[in-house]
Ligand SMILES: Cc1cc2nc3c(=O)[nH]c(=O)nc-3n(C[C@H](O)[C@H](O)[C@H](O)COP(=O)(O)OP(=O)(O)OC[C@H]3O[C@@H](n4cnc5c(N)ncnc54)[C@H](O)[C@@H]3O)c2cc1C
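Listed next as structure tokens is one chain, alone, in the form predicted on its own.
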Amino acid sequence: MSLRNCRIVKVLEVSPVGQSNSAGDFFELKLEYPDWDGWKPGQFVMIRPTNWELDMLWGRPFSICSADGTSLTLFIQSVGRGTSRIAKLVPGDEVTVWGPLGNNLAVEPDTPTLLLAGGIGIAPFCGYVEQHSAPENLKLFLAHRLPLECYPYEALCGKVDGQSMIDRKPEDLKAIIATLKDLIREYAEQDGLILCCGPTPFMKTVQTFANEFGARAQVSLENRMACGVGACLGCVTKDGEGHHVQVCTRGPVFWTDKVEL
């Protein structure tokens, strides 16, 4: 990563998403465009508000939702101290952004492609759908625990075929797993492409069925990261041969037969 990819930009907008009227569980953070030469869906950024000063030294990683030359948009769930403070940013606050980082999701415009999202794992698919040249070949499946309006699901379903299932009780989880199995079998039989992002148990389930049916599938890992450039080794996982690799620089996207979950 060059110095060109590390910029201080200003917050343009912080918008709650879902039922809350204040910054809270889910929100959209819009920043000034960092003047990148380009980016690809599946890549991520690290951000760190400058007003953190010496408190919380490390940045936070987020998938890139969209970047259009005038702004960079991130979809964030407030789950800890860092994201809670990011939710309280206001327009004009400054944020250090470094990226775009990591590799990208596979794109095969003429291939039926199944997007499997678990909760906040829908974030990288916003940019994927936006940039795809043949969205009629995409199907989105979202498994979620919070109300559907907390996610940018409806906006995506205006462009692609969508299906959602809520996970509130054990019976729901069984139904989700059965649906995943049917979908992965269907896409394996037509040599389709499967892309997945979500909680580790969700991705493990996808990996299991992908291996069972010989499906071509990728997972986008959400391991904890500190530096984002491969130096701190805080995000390592094991590849398909049992070697430790940095998710931030070797991923975050891996083929399911090339990574241990």
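In case it trips you up, residue 1 is the first one in the sequence shown, and so on. Note that the structure is a prediction, hence the values are computed from the model and not measured.
Missing here is the form predicted together with the named molecule; even so, the following discussion is about that form.
- Judged against the named molecule in the predicted bound form with a 4.5 angstroms heavy atom cut-off, the residues Thr83, Leu221 and Pro252 are in contact without exception.
- Checking Leu114, Ala123, Leu180, Val97 for any heavy atom within 4.5 Å of the named molecule in the predicted bound form turns up a single hit: Ala123.
- For the options Tyr187, Tyr153, Phe141, Phe75, the one in contact with the named molecule in the predicted bound form, meaning a heavy atom within 4.5 Å, is Phe75.
- Just one listed stretch, out of 205 to 213, 224 to 232, 32 to 40, 188 to 196, contacts the named molecule in the predicted bound form at the 4.5 Å heavy atom level, and that stretch is 224 to 232.
- Residue contact check for Arg60: one or more of its heavy atoms lie within 4.5 Å of the named molecule in the predicted bound form.
- Proximity of Val79 to the named molecule in the predicted bound form falls within the 4.5 Å heavy atom cutoff.
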